[in-house]
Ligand SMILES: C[S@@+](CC[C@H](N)C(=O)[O-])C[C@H]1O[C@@H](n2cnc3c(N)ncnc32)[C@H](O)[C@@H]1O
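The chain below stands alone and is given as structure tokens, in the form predicted alone.
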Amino acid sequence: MNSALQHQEPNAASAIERYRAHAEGYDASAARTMRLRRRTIAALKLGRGDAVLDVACGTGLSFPLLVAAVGREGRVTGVELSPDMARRARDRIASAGWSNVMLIEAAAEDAALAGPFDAVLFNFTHDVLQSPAALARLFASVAPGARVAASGSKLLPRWLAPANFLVRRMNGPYLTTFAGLRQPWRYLTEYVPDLAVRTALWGAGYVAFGHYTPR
């Protein structure tokens, strides 16, 4: 695996190219982490009428769960960089007939968001979490006290270091940087000081949740 990924910044152009290849089979590949997705969304404690932001929403796999939680009175906004993934998310919205789901096709650093949001979901969004500029842009539209939940892959403890070769190998096709893979939530704590982190996927994953506190 390319060791340069350990240090480089997230790369939007590279991500677009990667997901052009992965978009068609993404839903099938994401099935193995669907339980963690559900656990992460449950941590948001969504209620009827909530406005929720789904960051790097991909093909919109979380949309049915989010819509069911916020009801017709609520609002779901997805942000997605990849045109190929966004196209599938739009198809999902159209097929379901959701009038309260909006998709913004843009980099998180540039997204024009109509907040305030009551909850924010980061499900397997490593590149976004490693971009301070993206987080600053997103949280500018989030209401104080909003619930925040994140999940994804992480490196195993150092005493299991040999197994991290497999962690990097499995995640390499989907990430443009391995920076922060030991603690992917490292920048998120600046916005969510009460962030609680729990391990998942036998230690190779995590779920984290807390509340947004303006800096």
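In this text, residue numbers run from 1 along the sequence as written. As the structure is a prediction and not an experimental result, all values here were calculated from the model.
Not on display, but discussed next: the form predicted in complex with the named molecule.
- Only one segment in the set 140-148, 67-75, 95-103, 118-126 has residues whose heavy atoms sit within 4.5 Å of the named molecule in the predicted bound form; it is 118-126.
- In the predicted bound form, the named molecule lies farther than 4.5 Å from every heavy atom of Leu188.
- Contact annotation for Leu53: none of its heavy atoms lies within 4.5 Å of the named molecule in the predicted bound form.
- Contact check for Cys57: a non-hydrogen atom falls within 4.5 Å of the named molecule in the predicted bound form.
- Although the partner is absent here, Arg37 lies within 4.5 Å of the named molecule in the predicted bound form, judged by heavy atoms.
- This chain appears without its partner; in the predicted bound form, the one residue of Ala43, Val167, Leu181, Leu61 with a heavy atom within 4.5 Å of the named molecule is Leu61.
- Along 11-36, a non-hydrogen atom within 4.5 Å of the named molecule in the predicted bound form is carried by Ala15, Tyr19, Tyr26, in order along the sequence.
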